[in-house]
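Below, in structure tokens: the form predicted alone, a single chain.
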């Protein structure tokens, strides 16, 4: 029996909706299931706005959330009623039996349940009050009820609860009582729907599963790669990267400084990189704009540095708590002059870990700023990730010069066959040189002659091409059917998960379909993209921005007509929308029959 169950809990800010989802996903992960989870929360203060915790539990790797949930829970009917239609046919809808106050007609969720859905009217408030003396633990009662109804073990949820309320004494005890009350109630109910949880999958050898979100995976990757210094300024949705590093870096003898702004953060990061440290900063779109000039300095002075950028809705201050993929052009092209840099974009939480670690390797190996581009959806999305028992990253990929002997005039920017020059660090005997934002000769001294500007510009561009062959990193990867296909999808970042799910569904319908995941956007994997597009009768490029920024970059590199599918729903793309477009391009649209 295969397990693939999606649970959605809907409530108001202050109901503990997100906390309930967190306990539930951690319990499912401990049991051994694969989990992918993403929460929606409002920008408003406590007591206002809708919160939704969604988690998909499966025995195989899932790549996105489903459009329809198998279980929908209401902690606030006014917010949950618009989402009743998101529960699938024969799905479970769990809601409060009675209201404390009289309700106008149609205000209770029971009036909105579809005939094909299975209602579970549970005395949630009563169970909370009887077990704890108050109604505040309704969210915990719901968690226990779901676990009991599905006949899952209670112990993992108890441990997740203990971890969440560690050190909170009486509060922890009351929540445990609420969890047990909900669990016992769930055991008493007969399950009328067709939702089943099969046995969890076997653990992978040489790895251990952890429940973690994208920002935490970035932190884990940075730490496993041996980050020495971090400079940052808080900004949603990247702030938790700095917060987690602030907790972990001192334990390892590393240093973190909160700077006064993003300009100071990137300047200090470049200074530390120049000194030989593995240095990084993190920001979002508005902060990246402020960093543009100093990123150009990092390019011309060839200073290793890493910038983690989590995109949000823009432009300007935009929508700090909404998802979007609209900073791609800024990441690739932002800055004056010809300022090439490496830009990589993970597609899932495990990819955040691996891209973070490889970014430090690439920054040193090719002596350049490296931008790791994620987004709000990926930053806050939880997944069960198989982490290797040993970090897979190289501790040092620098090419240091042997300056012993003190030869005068160290050629820091000497022109080499691969474009990467030997470097030195401050204080290294014989390694003194000039590092400036001015164009320079091989010694680093200012030089504005056309032939030298051409030679150094070529050097800065050509050396980055080696990153396409960087050990342990695939710049792009093909999935699906081999050879000629009806429709090929090309996608980047967090949207690739929805594209992959849509591709698999299209294959089940007999459509020959394939997908190309592009991880490295600068330099672009032209050969792989060209080969893939040559196999495709139609090409679909879905992304969450208005202009189709990635499609524009793709067509700059591979001149070929593509279908741009751009959406800005402030949320992840919908698998069904992508599937409909695949059907249309493949000529599989079924016309509605006349009445």
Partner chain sequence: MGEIRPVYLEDKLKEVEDSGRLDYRSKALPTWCPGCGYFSIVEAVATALCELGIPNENAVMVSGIGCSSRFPFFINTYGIHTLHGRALPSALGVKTANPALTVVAVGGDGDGFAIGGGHVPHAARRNLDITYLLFDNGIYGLTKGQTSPTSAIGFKTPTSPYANPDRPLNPLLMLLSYGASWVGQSYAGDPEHLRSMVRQALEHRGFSYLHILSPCVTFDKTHRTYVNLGMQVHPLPATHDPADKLAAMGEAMKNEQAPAVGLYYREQRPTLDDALDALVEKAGGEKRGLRGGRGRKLR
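Everything quoted here is computed from the prediction, not taken from an experiment. Residue numbers count along the first chain shown, from 1.
What comes next is about the form predicted together with its partner chain, which does not appear here.
Flag residue 455 as yes or no: does it have a non-hydrogen atom within 4.5 angstroms of any non-hydrogen atom of its partner chain in the model of the complex? Residue 455: no, not in contact with its partner chain in the model of the complex.
Do residue 251 and its partner chain share at least one heavy atom pair within 4.5 Å in the model of the complex? It does: once its partner chain is placed as it appears in the model of the complex, residue 251 has a heavy atom within 4.5 Å of it.
With the cut-off set at 4.5 Å between non-hydrogen atoms, does residue 473 touch its partner chain in the model of the complex? No.
Going by a heavy atom distance of 4.5 Å, is residue 432 a contact of its partner chain in the model of the complex? Yes, residue 432 is a contact residue.
What is the one choice in 228, 185, 486, 501 with a heavy atom within 4.5 Å of its partner chain in the model of the complex? Partner contact (heavy atom, 4.5 Å) among the options: 228.
Going by heavy atom distances of 4.5 angstroms or less, which of 402, 170, 508, 451 would be at the interface with its partner chain in the model of the complex? Checking each option against its partner chain in the model of the complex, the one that comes within 4.5 Å is 402.
Looking at its partner chain in the model of the complex, do all three of 260, 264 and 445 come within 4.5 Å of it through at least one heavy atom? Judged in the model of the complex, 260, 264 and 445 all sit within 4.5 Å of its partner chain.
Considering its partner chain in the model of the complex, find the one stretch among 317 to 325, 127 to 135, 489 to 497, 266 to 274 with heavy atoms no farther than 4.5 Å from it. The contacting stretch here is 266 to 274.
Hey, which residues along 292 to 311 are within 4.5 angstroms of its partner chain in the model of the complex, non-hydrogen atoms only? Contacts from 292 to 311: 293, 294, 297.
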